[in-house]
Structures are given as C-alpha cells and as structure tokens.
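Shown next as structure tokens: one chain only, the form predicted alone.
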C-alpha cells in the first residue's frame, strides 16, 4: 500500500533551514544535536490498564538509564500523556503529542482501539512510532507504515502458537470462546489456523458482546459440542470470572487459550486456574542471564515483579536505541534509522527477537501451564513466530 503523506515535521524544519543563509548557520544536524530527542509515552496511567501503562513506562526509563540517559549520543526527554484507554480521544491525544509537544518519537499504546486513533495520526505525519502492547493485526498488515514498528505481539500470534501446540498433540476438534470484538476474532483466527496445520479444526465458536460477562449460556453449550479442548481469549476481570465459572461448572473438557487468559490474573483466579495451558511470548521461569538481570533491575526500580508489559516496553526502548545508535542520533537520516530498526536482532528478556518485513516482532511463543500462582514455561509452542503481515506493502 502506497500512502501519500504530508511532509514530516523534520522535513519541514530541514527545508526551512535550507532556504536560509546556510553558509552562515550551523548544519541542521548540529542544531538538532543541541537538543534532546523528545519521546512521547502515550499510555494509560489511570483506570483499568494503569498498571500496564506504568510498567511499560518504567521499563522504557530503565533502558534509557542503562544507556546513561542518552540514545545515539542524544539526551532523551520523555513526554507522558495519559490516554485513559479511551478510543474516542486517541486521535486528538496523538495530535497533541505530535503537533503541540513536537515529539520526535511516539511510544504507544495498550488499548487497540486507542492505537487505531494513534495510527491514523502517525501515518499522516510520518512520526516514528513503536507499539509496546496493542495487538490489532491491521497495524502491521493492511495498514502498515514504514514509520511504525511493534515490539509486543499481533493478536494472531499467541493463539496461533496455542493452536499449533494442540495440533502437534493430535487434537482434532476444538471450540473457541471469546468476546465478540476484534481481539477475540483475530486471536480466534490464529488459533484456528494453528490447529488446522496439523489436521485439527474449530467446530464451534461461541461469543458474547464485549464487555459482558454472562458466561452461563456459553458454558451450558460446551458439553454438547463433542470437542477435545476449549480455547479462549479473555483478559483482565473478564478472564478471572470466566475461569472461575468454567471450573465451577464442572466441565471435563480442558480449557486453554491465548496467554492473556491467565496473564496478571492468576492470583485472582486462584485454584480455578490450576493446570490451564496458555501460549504467550513471555512466562515465569525463562532461565537466561538477560531475563534474570531484567527482573532484578525492574524489581529494584519499582518494587514490582516484571511482567510481559514491562518486557514489551523495555524492548520498545531497545529497538529505538538500536536505530538511533546506527545513525548516531541523526533523526534526519530516516532511511538509515528505519533500515537499522528493520534489521534489528537483539536479546530480550523473552529470548531472541527480530523484526519481520512488516515491522512486527518475531519471537518465540512459549507454552505455559498455570501452577501454584505461576505461568510456568513448559515448552516452546512456536519458535521464532512471525505474523504473516497479510496485505502489508512497504
């Protein structure tokens, strides 16, 4: 997809300087070097997703501190904006950061609905953007853009890994249960495609309107479906209630799903979650020097345990650092900056990470089992899994 965009803010600045008395002024790059690079953190700092946004921001700050406060030789100035997880405010908040606050880079956000508002603005302005959580497939598929990278996941990836793991085991018939919205649908597609690769199939999809939690009519249908497993996508409070009610219903069909079913919810789910398998790009017990050091540093900084959201924020900053270091902080060198980011291969707390041609993260999807309050990694469901990037033309 070819997109006609207005000249970027950096292009306008560069062009304006070129019209002046260039011989009597410092170079554009020299002028730029005199100021910090402004990085906007458009994340939820209040409401249901506040902890997620905070952990992403803490991890970004941590990486910058590890680099001595500079990336590519340039000091970094962070500009924080609470997006409140309100999609209707997404475009105006993104414009505020890009146009009023004149950020050079935007890192955001958690909620996919808000992300689509950000995406509209940054595609039009050409602002370098790194997505640290929101998984909407379109961001790196049909609506991909050369200035947008994602270091978290696509909605398709974790559930696809779960489907692959079940298919390899010989599962032939499964059901999928979720909310009727984009994340649930896109996760379901990944699950189905993974299962089908080994001859299995999803025989029934059960949905209810987001964010309703009247699960009983769905649970009542499961015994009559004649399936070997039930896959699901729920998150947050909805996931807590679904898992508890599934257990209380006495259903004999094993429950599994995208990792967000039990990510950050195990304590509230309690014994009801015990034994549930999920697939995600991070989990408890990844034994590596990088992960151990990261978790120790994050705990020291925040008095919190690191989670997948912190990892994603840290990697957003790692990717930015790789790009800026390649061009020595020269943001005017967009070609060099983006080339370095696309080619990036680096060590993450989650394991080895690289970028796909659609600028989506490529990573391992781990198989996890809920055991005594931990999402214990028990294997790799899919190694170096790339989103297909369907419809992306860069």
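In this text, the rigid core denotes the largest set of C-alpha atoms whose superposition between the two forms falls within 1.5 Å. Because the structure is a prediction, the values reported are computed rather than measured. Numbering follows the first chain given and starts at 1.
Not pictured, yet referred to below: the form predicted together with a small molecule.
The single contact residue among 323, 135, 117, 188, judged by any heavy atom lying within 4.5 Å of the small molecule in the predicted complex, is 135.
Between the options 164, 97, 110, 273, the residue in contact with the small molecule in the predicted complex by a heavy atom within 4.5 angstroms is 110. The small molecule in the predicted complex comes within 4.5 Å of a heavy atom belonging to residue 309.
Although the partner is absent here, residue 282 sits far enough away that none of its heavy atoms falls within 4.5 Å of the small molecule in the predicted complex.
Within this chain, residue 52 lines the site of the small molecule in the predicted complex, having a heavy atom no more than 4.5 Å away.
When the small molecule is considered in the predicted complex, residue 155 lines it closely, a heavy atom lying within 4.5 Å. From the list 176-184, 212-220, 240-248, 286-294, the contact stretch for the small molecule in the predicted complex under a 4.5 Å heavy atom rule is 176-184. Here residue 296 does not count as shifted, since its C-alpha moves by less than 2 Å between this form and the one not shown after the core is aligned. Once both forms are overlaid on the rigid core, the distance between the two CA positions of residue 153 between this form and the one not shown is under 2 angstroms. Core-superposed comparison between this form and the one not shown: the C-alpha position of residue 178 differs by no less than 2 Å.
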